[in-house]
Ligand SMILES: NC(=O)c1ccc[n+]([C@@H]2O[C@H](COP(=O)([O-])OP(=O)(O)OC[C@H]3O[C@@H](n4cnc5c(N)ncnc54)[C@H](O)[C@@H]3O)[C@@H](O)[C@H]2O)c1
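Quick setup: one chain, the form predicted alone, written in structure tokens, and binding and motion questions come after.
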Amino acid sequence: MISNQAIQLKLTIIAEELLERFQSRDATVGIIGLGYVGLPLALTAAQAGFSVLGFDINRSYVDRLNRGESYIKHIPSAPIASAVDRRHLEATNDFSRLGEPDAILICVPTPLTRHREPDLSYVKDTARAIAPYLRRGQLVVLESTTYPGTTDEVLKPILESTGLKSGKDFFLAYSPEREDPGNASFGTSTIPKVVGGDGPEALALANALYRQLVVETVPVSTAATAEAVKLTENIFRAVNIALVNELKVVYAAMGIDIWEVIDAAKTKPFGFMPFYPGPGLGGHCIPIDPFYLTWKAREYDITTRFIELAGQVNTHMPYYVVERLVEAVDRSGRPFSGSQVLVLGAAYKKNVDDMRESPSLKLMELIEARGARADYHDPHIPELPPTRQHGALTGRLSVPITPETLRRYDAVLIATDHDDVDYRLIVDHAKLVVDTRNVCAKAGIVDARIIKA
């Protein structure tokens, strides 16, 4: 790791001018992609005093931002309206304006294909959108999570096809996003930022920009190293979640409560870090990032057996949960086929409206594949939006929670443990509750109709 003090070099005139604009905050920052990563980053840069120009192909996002409105539940409208009023924040879908910013930060999705291989189409399309307007003296930073080598092997050639050269005419860097939607303790400005550049000048410039935005920067030797840092962070979580998911299955067969085991184990003040099981992995990072590395590793004739095994365990969790659900309904004397199930929670984590890779969608599909009907309730998601892999669920509406509606269902499956849900009401009126998050026990609710899965 490179210390901030070690980043001292004689810059070219073009880099020196850009550095001065970053340090004085007299620069325009362009952000491409105004979703769960790009919007908080844009707001952070605007609050730091930069002029921010946000780009997105979603016209609704652009219009709402320019009216000072938020479209993400955990981001309030007031600071956005303030930034817009002070002319520090503007949104557009006119990509011909990409020549205006001094720095362009790319925050676009990097999903998987159906074959679980990296889909870099958004990154490539964004690079092609930048290329016609790329000018001398701009810094371009990729923030999207990806495999080591993407910045150098994918982004750089597209931008250099203009005739401009990285490190001479423009500067290229990678700084992985570390957003955790809904986290009340850490936001964009309070999370240290890892930075790697295509050459020492790019590193110095990207580091200087982010030092104006976040509490601490962590410079590393190359863009590929920074890309590897992001994957390592999320693979660490994915592997440990897979471990407790596997332990959950083993201990359940033994009649042992995994949640009680973890609560006791975490009292050890060293050598143990608690991770918790669930119905499957969700979010844009944890279910996806490990497969980016396994795909890239094959280029070097390396098989990532440990990581792939963890992926198999986590991917199997929705199937395990539905099997437990089917068994519980059948034991209650009602055939599962033809039954009605209410899935509680469509978001991938509690207290957010983020559905990216949510296991709830897979759970609903598996339930209906077994001949039952799956409805859902989520206080943060009134209607299921279109998704890449679960199109049949598009447009379904959240069912209100009342004693009458609860009694209509043969089982309630708790997939997301939102705080603003009355779990006592659910247990009191549901025929059967299958709890994948241990939320009933944490609320002190004990009932024979609660099954943990």
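All residue numbers are counted from 1 along the displayed sequence. Not measured: the values here are computed from a predicted model.
Not on display, but discussed next: the form predicted together with this ligand.
J.: Taking 4.5 Å between heavy atoms as the contact cutoff, choose which of Leu425, Leu397, Ala392, Ile57 touches this ligand in the model of the complex.
T.: Checked against the cut-off, the match is Ile57.
J.: If the cut-off is 4.5 angstroms on heavy atoms, which of these, Glu357, Glu177, Glu246, Asp152, is the one near this ligand in the model of the complex?
T.: None of the other options qualify; the answer is Glu177.
J.: In the model of the complex, does each of Arg116, Arg237 and Gly280 have a heavy atom within 4.5 Å of this ligand?
T.: Not a single listed residue reaches this ligand in the model of the complex, so no.
J.: Thinking of this ligand in the model of the complex, which stretch from 371 to 379, 186 to 194, 137 to 145, 238 to 246 has heavy atoms inside 4.5 Å of it?
T.: Going by heavy atoms within 4.5 Å, the stretch is 137 to 145.
J.: Taking this ligand as it sits in the model of the complex, is Asp125 near enough to touch it, meaning that at least one heavy atom pair lies within 4.5 angstroms?
T.: Flag for Asp125 set to yes.
J.: At the 4.5 Å heavy atom threshold, is Thr110 in contact with this ligand in the model of the complex?
T.: Although this ligand is absent here, Thr110 would touch it in the model of the complex, with heavy atoms inside 4.5 Å.
J.: Quick check on Tyr409: any heavy atom within 4.5 Å of this ligand in the model of the complex?
T.: No, Tyr409 sits far enough from this ligand in the model of the complex that none of its heavy atoms falls within 4.5 Å.
J.: Is Asp289 a contact residue for this ligand in the model of the complex, using a 4.5 Å heavy atom cut-off?
T.: Contact check for Asp289: yes, within 4.5 Å of this ligand in the model of the complex.
J.: Judged by heavy atom distances of 4.5 Å or less, which residues of 263 to 298 approach this ligand in the model of the complex?
T.: Read in sequence order, the residues that approach this ligand (within 4.5 Å, in the model of the complex) are His284, Cys285, Asp289.
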